[in-house]
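Let's start with one chain on its own, the form predicted alone, as structure tokens.
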Amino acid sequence: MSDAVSPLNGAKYEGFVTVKAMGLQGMITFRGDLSAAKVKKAVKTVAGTDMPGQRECHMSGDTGVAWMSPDELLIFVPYADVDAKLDELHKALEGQHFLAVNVSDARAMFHLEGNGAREVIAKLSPVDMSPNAFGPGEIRRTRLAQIPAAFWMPDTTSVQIVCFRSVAEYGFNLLKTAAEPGSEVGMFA
């Protein structure tokens, strides 16, 4: 068996914000009845956080849960723990109708850091990035230029992004271009 590697091997760019390709992250796509008590309990046990509401993302380090649609979550766990966490979900939800799949190696993650992080995303996405419309703990599933992606703000000066691994290099280049020094608009200053 080969060793897993992240798509861009920790690539980093210093613009008016720092753009960094993150390492391996465990991710489980979960589909089911998100209002079921059994599902809520199982997800909380596996992810260590409460079930998020609509368009919310609850993260603590490399664990957490993101709301993706009315019947879908993206569960984050340490990469090495994905198989064990999937087993936990299957045991806890035995007899329940659900789907839980390891998508860790099919996704790439990026981290933006700096006061201009909102502006970088605003250049690429149709989401209103003003502080009144989007803030820490919220997630959006949308597009960055031509690629499907989801992003959230862990705090007021950073953004985490998930996209398909197959477009990781294109996504990194988009973010680099949007973060080029001298291209700041100062929209959210």
Partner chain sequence: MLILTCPCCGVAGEETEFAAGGEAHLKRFGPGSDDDQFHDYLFMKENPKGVHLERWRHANGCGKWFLAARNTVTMEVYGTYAAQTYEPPKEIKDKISAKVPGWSWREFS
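Numbering follows the first chain given and starts at 1. Here the structure is a predicted model, which means the values were calculated and not measured.
There is another form of this protein, the form predicted together with the partner chain, and it is not shown here; the text below is about that form.
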> Looking at 33 to 41, 154 to 162, 57 to 65, 141 to 149, which one sits within 4.5 Å of the partner chain in the predicted complex if you count heavy atoms only?
Replying inline: 141 to 149
>> With the partner left out here, check for me: in the predicted complex, does some heavy atom of Pro131 sit within 4.5 Å of the partner chain?
In response: no
> Looking in the predicted complex, any heavy atom of Asp71 within 4.5 Å of the partner chain?
Replying inline: yes
